[in-house]
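Here you get one chain, nothing else, as structure tokens; it is the form predicted on its own.
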């Protein structure tokens, strides 16, 4: 056994532990959530990302500008377009988020963000961290909120995925201890578990959802998943009107396709990795990941995005103009709701339900057999106009 390499790994692990303990202390000092109504000017950052990101993000921005036209004209809402989050630019500086881009993001209150490419083994890019993961950590966007609705199937789910801890907290800092041994890390803090659980229960209470389901693998991952489960259960005791149950992640994936059982689920709260996986499964019920948006919520900042990737192949094949903007438009619904524009959010959501499911006058296929991204955006805005009359 090579004790030199073991000792080097232990020293690296010590640094990670110190950094995570410092992070735990910082998040204890978080203040209250931003009160958007008290702001003289609200800044919406628009960051297109790469691949099909700029195309679908631009369409969502166009629809937002349409819905918020009066506030924009009055100077109450300002859009700040931020470039530089492409994989080429990130690779050139060797950072998940270039410093100048991060500085611009921090000037905004909420961010509409397109998909970004994350390098993986075998890609022609350096091993830089996911821009999504980095943004969540830099802006402390601790809650990933993903709704899935299919009314005709009785599906009305809202997922609260912890966003800054779990297996993703130090995902790029695992250790190759020796040629035979590689180790990654899972992180759970008391404050991190408490704040995501409380947000889920507060949402359930506010929206009259009668059940919160805690999803872990605490029977095997006893320390970190066990902490998450016990913490969420303790928070749940403060909400006696809400039923709390808990499920293991593996059986949950099965029960989501159980036509009888899945109707009982309402609000889910779960650690990072499980949330990432199961929300993709859930999105398939409403038409796939291309139809699903997500909100990343912190106390100072919030970011809204699609849950799918950047689809570089579509760009290479010249099909990006046919990309489906529905994921970003769903994200725009959540952005509107988050900043207190609930009437506009409801209008856009209703229009999307009509355009995607009820009328379907236009079909998005990702190819020239369907409509373009812009044509679908026009269809949505025309539908909003009709609903507003």
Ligand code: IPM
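The structure displayed is predicted, hence computed values, not measured ones. Positions refer to the first chain, counted from 1.
One more form of this protein, predicted together with ligand IPM, exists but is not displayed; see below.
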Original post:
Does each of 118, 136 and 146 have at least one heavy atom within 4.5 Å of ligand IPM in the predicted bound form?
Top reply: yes
Original post:
Thinking of ligand IPM in the predicted bound form, which stretch from 302-310, 174-182, 147-155, 104-112 has heavy atoms inside 4.5 Å of it?
Top reply: 302-310
**OP:** Note which of 291, 164, 132, 216 lies within 4.5 Å of ligand IPM in the predicted bound form, where distance is taken over heavy atoms; exactly one does.
**Re:** 132
Original post:
Pick from 168, 160, 265, 201: which residue has any heavy atom within 4.5 angstroms of ligand IPM in the predicted bound form?
Top reply: 168
Subject >> Close approach of residue 276 to ligand IPM in the predicted bound form, 4.5 Å, heavy atom >> reply: yes
